[in-house]
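A single chain, nothing else alongside it, follows as structure tokens in the form predicted alone.
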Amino acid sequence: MALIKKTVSAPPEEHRHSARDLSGLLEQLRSDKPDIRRWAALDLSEHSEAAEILCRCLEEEQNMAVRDALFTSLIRINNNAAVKGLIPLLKSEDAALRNGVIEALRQMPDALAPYMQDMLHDPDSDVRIFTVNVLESLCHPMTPEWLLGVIEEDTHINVCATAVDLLAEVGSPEMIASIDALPGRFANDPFLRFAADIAIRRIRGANPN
């Protein structure tokens, strides 16, 4: 879902007569017309102070076009408030919303980085798995180290299995010992042994020297 790359046409003529300042756009976010809410959400990308409100709107918005517009503006704003507002939504029961949050956070590597350790140590194992999923396409130099920490410290097998799968793509030779030791932390689970062996082979194949 390449939210920020969408081409957005000009708003309908009637929308140009609506107030486009911050207070006017926030008022339009409460409209019962999805098209008005969508254009308000898109135009709020110019107002970084609206990030918290945009995140709150995501929890209630059911129209997918409006929801995409909210995500698009949050990605463009890309600040601390946007990340802080999105992270709690990883606990949502709405799978489509969670997936949108994961995709949005992947596009905010620098703003997200200060929160990564807390997210990887969340008491909820599902949140930790979703956080590892964020790392899948997160262009940040610390991604391999964060994943290494997961397989060395996390006590949930599914979290570690998700992390070792990603380390097969981004891991380095010095991480092989930790990957090899992972199955032993879970009574030599056969699936983890299989996943660890694949990761090790791929890392060695990508680093023949």
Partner chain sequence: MKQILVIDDAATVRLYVRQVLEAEGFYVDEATNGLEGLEKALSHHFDLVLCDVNMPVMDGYTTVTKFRQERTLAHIPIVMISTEAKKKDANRAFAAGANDYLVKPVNPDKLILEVRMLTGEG
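Positions refer to the first chain, counted from 1. Since we're looking at a predicted model, the values are computed, not measured.
What comes next is about the form predicted together with its partner chain, which is not displayed.
Task: Glu136, Ile157 and Phe191 each touching its partner chain in the model of the complex (heavy atom, 4.5 Å) - done: Yes, each of Glu136, Ile157 and Phe191 comes within 4.5 Å of its partner chain in the model of the complex.
Task: Any non-hydrogen atom of Arg98 within 4.5 angstroms of its partner chain in the model of the complex - done: Heavy-atom contact with its partner chain at 4.5 Å: present for Arg98.
TODO: Consider Arg106 of the chain shown here, and say whether it contacts its partner chain in the model of the complex, taking contact as heavy atoms within 4.5 Å.
DONE: Taking the distances in the model of the complex, the answer for Arg106 is yes, it comes within 4.5 Å of its partner chain.
TODO: Give a yes/no on whether Leu22 approaches its partner chain to within 4.5 Å in the model of the complex, heavy atoms considered.
DONE: So Leu22 does not count as contacting its partner chain.
Open item on the list: Taking its partner chain as it sits in the model of the complex, is Glu27 in contact with it (heavy atom to heavy atom, 4.5 Å or less)?
Closed with: No, Glu27 stays farther than 4.5 Å from its partner chain in the model of the complex.
- [ ] Heavy atom within 4.5 Å of its partner chain in the model of the complex: which of Ile129, Val83, Leu89, Met116 fits that? Just give me the one.
- [x] Contact with its partner chain in the model of the complex is made by Ile129 alone.
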